[in-house]
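Just the one chain here, laid out as C-alpha cells, in the form predicted alone.
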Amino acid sequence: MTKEKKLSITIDNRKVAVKPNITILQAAREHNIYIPSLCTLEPLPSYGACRLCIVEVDGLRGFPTSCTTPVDDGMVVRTDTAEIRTLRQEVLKLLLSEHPASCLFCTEHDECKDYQGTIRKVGVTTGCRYCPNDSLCELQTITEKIGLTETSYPVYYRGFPVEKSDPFYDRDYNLCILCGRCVRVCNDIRMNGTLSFKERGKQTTIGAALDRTHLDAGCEFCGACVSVCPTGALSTKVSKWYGKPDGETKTTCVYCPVGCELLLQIKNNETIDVFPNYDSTIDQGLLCVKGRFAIPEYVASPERLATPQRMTPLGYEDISWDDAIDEAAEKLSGINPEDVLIVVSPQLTNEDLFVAERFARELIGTDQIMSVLITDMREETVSFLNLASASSPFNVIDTADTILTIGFDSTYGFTPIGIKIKKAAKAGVNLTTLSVHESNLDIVSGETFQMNVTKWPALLDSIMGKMPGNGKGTKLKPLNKVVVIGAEVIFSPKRGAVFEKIVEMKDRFGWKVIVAHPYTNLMGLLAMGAFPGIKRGEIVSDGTKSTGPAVEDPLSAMDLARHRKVVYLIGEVPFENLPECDFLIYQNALSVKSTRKPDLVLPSSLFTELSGTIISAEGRILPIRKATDPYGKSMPDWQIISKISEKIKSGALKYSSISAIQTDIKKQVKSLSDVKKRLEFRKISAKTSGKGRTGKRLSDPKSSRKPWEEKYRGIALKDVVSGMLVIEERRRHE
C-alpha cells in the first residue's frame, strides 16, 4: 500500500507535516495547537457556525473558519494574533448575550465555586453555580482561554420553560448557544431526525417539530445530543448534579451481544454516567438508550443485594459469607449429580462461565448445566444455535445491495446495526422490512410488510421464488444480500418455520444472516461448555470438520419436569419452568421477584465492579474492566463458586484472581478467537420433543408474553426502563 504523502504547513511560525484532506483545525489539534471552537466536534461534519475558530491565512481574504478550511501545501496560518483575539472576544460576547453569564466574570468566582455548590439544585439556571454542567462546560473553558473578563452587551434571558416531561434527560434551552451539535448528531450520525431548529430570531430554539414531546416524535433516547452539548442545556436526570467525575473507565456494554464500548464516569467510587466512545471500532459511539442511561441506576438500584441471606420461618435474615458458603456446600456435598440442576445466565463473563462449568462437571459430576435460552427456544434451540453461530459480521451491511429485516426494530437496542441499515437505505440499497408491529426502519424502507407471523414463511417462499436460479437445486454464487432477524422472530411461537426459511435463504441462495438476539455472551457460554452436551473447548477445536457437537434435544435432556434436591441459579435467570426442588440457591445482584422464594441468597457483583471478558455476536473477545468496588459485600460469581468448591473439596477450583482463570482458559479452550468458525450443531434426539421425560407438557411462557416486555432481552433494565420506555412500547403495540 502506497504511503500517503504529507503536506507541509506553517502554524504560528511552526512548520508541521500534516495529512492531506483535513481542515486547519484538525491539523492544529493533531499538533496540540489550541484553536477555540464550540460547534465543531468529531465525528460531526464541519459546520462553521460559532465563528470562534477564525484564523489568518496568507493569501486568503478576511478571517476564514479553521473548521471548514482545508489545508494546502505551503500554507501559512496564524491562530493567535491581537486582531484575532479581539474578534473572538466580540463573537463570544454575542454568544453570551443570550446565555446566563454573570458567574463567568464575577470577582468572587473561585470562593463561590468552592463553598456554594449546594445552591446548584434549582429549577432555573441563572449562572454557573446553578448549572448542572458547572466545571464541565466548554463555554467556561473557552471564556478562560480567550481571556474574556467582562461583557459590554446586556444579557437577555429568553425565558423558555425548562422541559422535564420526557425520560432520561432535561432540556433548558435558555442555556443553548445554537451551536447545532445536537441537531447534526441526531440527523447526520444517528439518522433519526428528531431534532431541528425552530422559530427564528430571538425565539430560535431546538426541539421536535410541532412542539411534540421527544417521546411522540420518535426519539430513540440514545443521548447523543446530551453527550455533544457544550453547555448545560441538555443534562441527564440521574447524573446532572454529581459534578465533574474523578475518573473514567473504558469497558464493554453487556446489555446485548453487540458489545459497544462504554466510557464509565466514576466519582466517589460510583458509576455516575456513561459516555459513548466515537473512536470505537465496534460501534463508533452509537450507543442505545440502555447503554447510555440505564447503567447508573441499575448498578445503584435499591434492589441490589448487599449481603448473603437465609430464608427462615420469619423471613430472610442476613448472614455472613462464611455461613452462606457453609450452607451451600452442605447442600451440594455428596449429592447425586442427577439431583442437581445448575442454571447460568448468558450475561455472565467467560471467566464466570468457565468456573461454573468446571464446578458442575468436575466437582458435582453433572451435565445438568443449562441456560435460559433452552426454555426460551425450546424445540428450536438447535436451529437457533446454528443460526446465531452463523451470524455474519455487521459490516456485511456496508456492501449489501439488498437488505431484509424480519421482526427487527433498533429503536431501543442494536443501534449500530440499525444505523448501518439506515445509511444503506439512504444510499439506495433495497430495504424491505417485515414485522408484526411498526418498526423504526419502516420510514426508510422501500417495502414494508406488517402481518401476522403465521404468514411470514409464505412471504419468504415468495421472495425466494422470485430469485434467479430458483428450482435448479444448486447453491448459487453468494450474493450481497443480508437478512436481519430480530426479537419478533426469536420470541415468536412460529419461529421454527421462519428459521427453516432463513436457513434455506442462506444455504441455497447465499444470503448473509445477522441474528439480533438478546443473549449477550452466547458465544462465550458455548465456548466455555456451559451447556448440556457441550464440553469446554469442544466447539473451538482445531479440527477441519464442519460438523460440531451433537446436541440432544435440550428439553428432553434437562428433564425440567423432574423434581430436584438442589437448583442453583447463577446470574440473571428466569424462575419460569424451573423444576420443583427441596433447596433453591439464588446467586445474583438484584433481589428476586417470584412467588418461589430462594432458600439461600448469594449477592454477586455487576459488570462495572469486576473484570473479565465476553465474546460478541461477531466473535470478538471484548474486555470487561472493573470501574468501582463491589456493592456492599457482593463478590464476583467466579469467586463465590470457587469458595463453595473449596469448601466441598479442598483444592478444587481454587482460583484467587481473574488472571488465574484466564490462564486456565487459554490452556483448555484452544483457538478461542475462532469460536464462530467452528460451530455447527446436530440435533440427535427428538423423540420427546417439547416434553419432559415424564411426558408432562411444559407451558410456553412466550405464549402470553407481550411485545413490550423486556424480560429476556439482555440484563433486565429494572425501573429505569420499565417506568419510562415500557409505557411507550405498550402504546406502540396496542
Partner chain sequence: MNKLDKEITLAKKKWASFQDNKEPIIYIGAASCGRAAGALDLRTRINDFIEEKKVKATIIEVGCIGPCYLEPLIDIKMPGQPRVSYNNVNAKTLSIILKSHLINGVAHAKLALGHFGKKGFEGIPQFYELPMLKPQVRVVLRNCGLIDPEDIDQYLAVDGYQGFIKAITTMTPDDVIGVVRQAGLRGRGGAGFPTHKKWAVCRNSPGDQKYLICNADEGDPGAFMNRSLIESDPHAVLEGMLIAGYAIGASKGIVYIRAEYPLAIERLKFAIKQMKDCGLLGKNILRSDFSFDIRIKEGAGAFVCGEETALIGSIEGKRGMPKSRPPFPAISGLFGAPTIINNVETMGTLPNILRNGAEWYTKFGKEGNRGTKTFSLVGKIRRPGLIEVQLGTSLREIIFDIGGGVQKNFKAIQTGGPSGGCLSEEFLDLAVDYESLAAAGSIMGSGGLIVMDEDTCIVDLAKYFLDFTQKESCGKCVPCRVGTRHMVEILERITHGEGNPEDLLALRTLGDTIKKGALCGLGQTAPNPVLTTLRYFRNEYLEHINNHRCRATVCKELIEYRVIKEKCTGCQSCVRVCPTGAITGPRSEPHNLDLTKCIKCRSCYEICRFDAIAGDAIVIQTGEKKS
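Whichever C-alpha set is largest while still superposing within 1.5 Å between the two forms counts as the rigid core. Numbering follows the first chain given and starts at 1. Since we're looking at a predicted model, the values are computed, not measured.
Below, we refer to the form predicted in complex with the partner chain, which is not included among the displayed structures.
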Using a 4.5 Å heavy atom cut-off, which of 302-310, 515-523, 231-239, 151-159 contacts the partner chain in the model of the complex? 151-159
Proximity to the partner chain in the model of the complex, single hit among G315, G651, G201, G334 (heavy atom within 4.5 Å): G201
Going by heavy atom distances of 4.5 angstroms or less, which of A390, I621, L459, L87 would be at the interface with the partner chain in the model of the complex? L87
In the model of the complex, does every one of G48, R51 and V91 come within 4.5 Å of the partner chain, counting any heavy atom? yes
Look up in the model of the complex whether T65 has a non-hydrogen atom within 4.5 angstroms of the partner chain, and give yes or no. yes
I'd like to know whether S102 contacts the partner chain in the model of the complex, with contact meaning heavy atoms within 4.5 angstroms. no
Indicate whether the partner chain has at least one heavy atom within 4.5 Å of a heavy atom of E98 in the model of the complex. yes
Taking any heavy atom pair closer than or equal to 4.5 Å as contact, tell me whether P43 reaches the partner chain in the model of the complex. no
For M311, does the CA position differ by 2 Å or more between this form and the one not shown when the superposition is done on the rigid core? no
Would you tell me if A487 moves between this form and the one not shown by 2 Å or more at its C-alpha, with the rigid core held superposed? no
C-alpha of M75 off by 2 Å or more between this form and the one not shown on rigid core: yes
